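Shown below, as C-alpha cells, is a lone chain in the form predicted alone; questions about how it binds or moves come after it.
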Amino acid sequence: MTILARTIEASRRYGDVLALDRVSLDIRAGELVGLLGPNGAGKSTLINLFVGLRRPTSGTVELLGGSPLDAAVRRGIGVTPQETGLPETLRVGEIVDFVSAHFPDREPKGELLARFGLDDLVKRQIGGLSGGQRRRLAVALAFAGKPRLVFLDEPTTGLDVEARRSLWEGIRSFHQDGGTVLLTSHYLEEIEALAERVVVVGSGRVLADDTVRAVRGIVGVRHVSLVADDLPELPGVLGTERAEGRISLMTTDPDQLVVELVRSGVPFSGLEIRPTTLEEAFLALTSKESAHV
C-alpha cells in the first residue's frame, strides 16, 4: 500500500521541552487514522511536521513522496488546525472561492458546502456565523482542493452532538471515495466511530498503533457485569463499580473469575462479559506512560 506521509525517527524540541521523541509513523493511502493522546502528548506537533509548519529537530519527514516544505507537494493535502481565523467580512461562498483558487483541481463549491451542511449559508458573512458553523466551514475548506490526504486537528471541538455527527458524515464520505485522513480528537467516541487505525501518543512517543479492537485489547482487561445482592471477595478483581442495580468487575482473567463466582454459591443473574472501551484502554496506556516519566 502506498505511503502518503511518514516520519522516520523524528524528534522536535521547543527549547528544553522534547515534544516528539524519535517518532516513526507511516500514513498509508486509503486509511482513516485516529491520533489520540493527552494534552501536551505531541499530537499537534506531529501534524505540524507533516504539513510543513515545523521542521524536525532531528529525523526525517516525508509527504506525498517529497518534502512537506515544498509548496507544490502541499497542494496535495488539506489541513484544519485546532484554531483558525477567517476574514469576518467575506461571505462563505467567497472564502471557498478564495481557498479553492490556490489549487489546480477543485471540489465544486456547491458539493463541498452540501457535504458539510453549509449549502444554505453560501451568502452569509463569516462574521454572522455561529462558532459551530465557523468550525464546520474551517473543516470544509480542508477538502476544497480535492486533496489526497487531509489532516484534521480536533475538527469537532465546540460542536454540539448533531453538528459533530453531520461532520462525521462528511469525513466518512471523503474516505469512502478513497481519501486518506489523519485526525486528532478529544472525543474518544469520535475515534471509535470513524477510525480504522488508532495511534496513541504520550510524552512525545508512540505508545500503541493498531486497530481500535487491538488497542482495546492491549491492556488485557475485561468487564464482568452481573446482578447480585452482594459478592464475596473474588481473586483477580482489579476494580468494582455499582450502577443501576448491576455490579461490574474488572479483571484480566474473566473465565477464572466466573468459575470462582459459581463455586462461591452466591446467586446472581444477567452475566455479561465485555472488553474494555477505547477510553479505558487509552487511560490505561497513558497512565502507564505517565508513571514512567
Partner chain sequence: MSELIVAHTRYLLLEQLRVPIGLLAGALFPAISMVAFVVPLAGDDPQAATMATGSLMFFGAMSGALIGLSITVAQDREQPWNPYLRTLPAGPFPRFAGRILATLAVMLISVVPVLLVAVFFTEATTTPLRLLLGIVALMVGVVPFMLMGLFIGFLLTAKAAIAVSQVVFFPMAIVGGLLMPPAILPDFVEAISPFVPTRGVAEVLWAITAGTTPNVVALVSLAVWTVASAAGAVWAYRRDEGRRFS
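Positions refer to the first chain, counted from 1. A quick note: this is a predicted structure, and the numbers were derived from the prediction, not measured.
Omitted here: the form predicted together with the partner chain. The next part is about that form.
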Sort through 253-261, 50-58, 36-44, 222-230 and report the only stretch with a non-hydrogen atom within 4.5 Å of the partner chain in the predicted complex.
50-58
May I ask you to choose, among 129, 163, 99, 193, the residue with a heavy atom within 4.5 Å of the partner chain in the predicted complex?
99
Only one of 119, 189, 94, 210 gets a heavy atom within 4.5 Å of the partner chain in the predicted complex. Which one?
94
Joint contact, 238, 240 and 245 to the partner chain in the predicted complex, by non-hydrogen atom at 4.5 Å
no
Using a 4.5 Å heavy atom cut-off, state whether residue 157 contacts the partner chain in the predicted complex.
no
Spell out, yes or no, whether the shortest heavy atom distance between residue 79 and the partner chain in the predicted complex is within 4.5 Å.
yes
Indicate whether residue 146 is a 4.5 Å heavy atom neighbour of the partner chain in the predicted complex.
no
So in the predicted complex, does any heavy atom of residue 103 sit within 4.5 Å of the partner chain?
yes
